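Just the one chain here, laid out as C-alpha cells, in the form predicted on its own.
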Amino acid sequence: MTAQRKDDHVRLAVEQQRRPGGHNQFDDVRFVHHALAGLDRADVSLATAFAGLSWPVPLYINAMTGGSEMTGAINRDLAIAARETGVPLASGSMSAYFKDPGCAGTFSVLRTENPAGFVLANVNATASVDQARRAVDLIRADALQIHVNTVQETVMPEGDRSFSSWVPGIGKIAAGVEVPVIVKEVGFGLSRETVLLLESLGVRAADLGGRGGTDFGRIENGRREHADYGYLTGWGQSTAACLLDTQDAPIPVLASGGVRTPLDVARALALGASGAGVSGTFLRTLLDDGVTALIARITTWLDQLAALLTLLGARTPAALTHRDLLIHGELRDFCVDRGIDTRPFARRSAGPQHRTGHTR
C-alpha cells in the first residue's frame, strides 16, 4: 500500500509540473537595477553557512521520495546528480522504511551513490526518537528534516488527523538526535509564529516550504474517490510571503516551494533564505530527460546564479540581503495585513541611515 502511494505521488507530482503554473508570488519581488553595481565573476562565491552547517552552494535537491522499486531508482539518479554537481540532497519521507525495513535500499542508495555529499534524512512529526536515529544511521545523514503536513494528512484518504502530539514530538527528536534538525513544510508554508515555536523546541533551521510548487492537497484529493477537498486548493502562504513573514527570525530559514528558476533562488536569498530547495522541477527533468539532463540543468542553474550575483554586485549569497527589492501585488497586500513594512527593502543598499521604519 505504502509503495503504491509513493508511486502515485511521483506520477501526480510530475503531472502538476507538466501543466502551466498559475501566478507565483516570487514574481511580485523585483530587484532594483543599479547599472554600476556589478563586480567580477571571479570574486563571487556561492558558499553559504547557517545553523553550524556549511554548503558549497545555496541550492539543494529537496525531499521527494523512496519506499518502492521505482522511487529507489529515482533516488539513485538524484544521488548521482547531487554527487556530480555538489548540491546537498534530502531524502523523501522514510516512514516506508519503518513499516518495511526491506525497502531500506531505496533510501540508502542516496548515500552509496553520493558517499561524500551532504545528505539529509527525512521523517514525519510522529516518528519516535529511535526511528529518527535509525533514519539518520541508515543514510549516514548530516542533518535531519522533520516534515510537517497537516493539510496533506487532512486530505489524504488514509491520513493521520491526530496533530496534538507533533509539537512535543518535534522537541523530543531535536533533543534526541546527534545531527541538526530542520523542520520543513511540504507546500503550505511556515508562519512567523510557527518558526518562533520551532526555535523554542531546539530546531536549528526552518525550511519554509511554501505554496507555489507541488500541491500535496491536490495530489491527495486526486486519490480520493469523489475528490471532495478541491476547495482547499491554494491553501497556505507562498514561499515569498513566508520569507517576508519570518524576517529577523531567531533561526535560519531555507526556501522551498515554487522555486522555478535561478532568479527565484536569488529572490529567495535576497529575502533572507540561507538556501533554496527544488523538488518538482528537477523531478520532471529527471523523469522526462534522464539523469544526464538533470546534471546539466543543475549545473546551468548554479552558473546562472553566480552570474546574477555578479550582476547584482553580491560577492556571496548572504550579500544579496543588502540589495534593493521592490515588493508588489498580492505579496505587498499580505505584508500590509501582517504588519510588515516593505519600504526598507527598496533602500537597503543605501545603508541603515537612509532607511525608514522597520520591516515589522
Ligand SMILES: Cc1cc2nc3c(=O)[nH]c(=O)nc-3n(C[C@H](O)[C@H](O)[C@H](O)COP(=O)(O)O)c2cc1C
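Everything numeric in this text was worked out from a predicted model, so none of it was measured. All residue numbers refer to positions in the sequence shown, first residue = 1.
The same protein also exists as the form predicted together with this ligand; that form is not shown, yet it is the one meant from here on.
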query: Residue contact check: Ala63 to this ligand in the predicted complex, 4.5 Å heavy atom; finding: yes
query: Exercise: Ser93 in contact with this ligand in the predicted complex, heavy atom 4.5 Å; finding: yes
query: Lys184 within 4.5 Å of this ligand in the predicted complex, heavy atoms; finding: yes
query: This ligand contact in the predicted complex: Ser274, any heavy atom under 4.5 Å; finding: no
query: Candidate spot Arg76, Thr85 and Ile298, all three touching this ligand in the predicted complex (heavy atom, 4.5 Å); finding: no
query: Position in contact with this ligand when the complex is considered in the predicted complex, options Ile170, Leu283, Met156, Ala270, heavy atoms within 4.5 Å; finding: Leu283
query: Segment that reaches this ligand in the predicted complex - one of 225-233, 134-142, 174-182, 252-260, heavy atoms within 4.5 Å; finding: 252-260
query: Within 4.5 Å of this ligand in the predicted complex: residues from 207-227 (heavy atom criterion); finding: Gly213, Thr214, Phe216
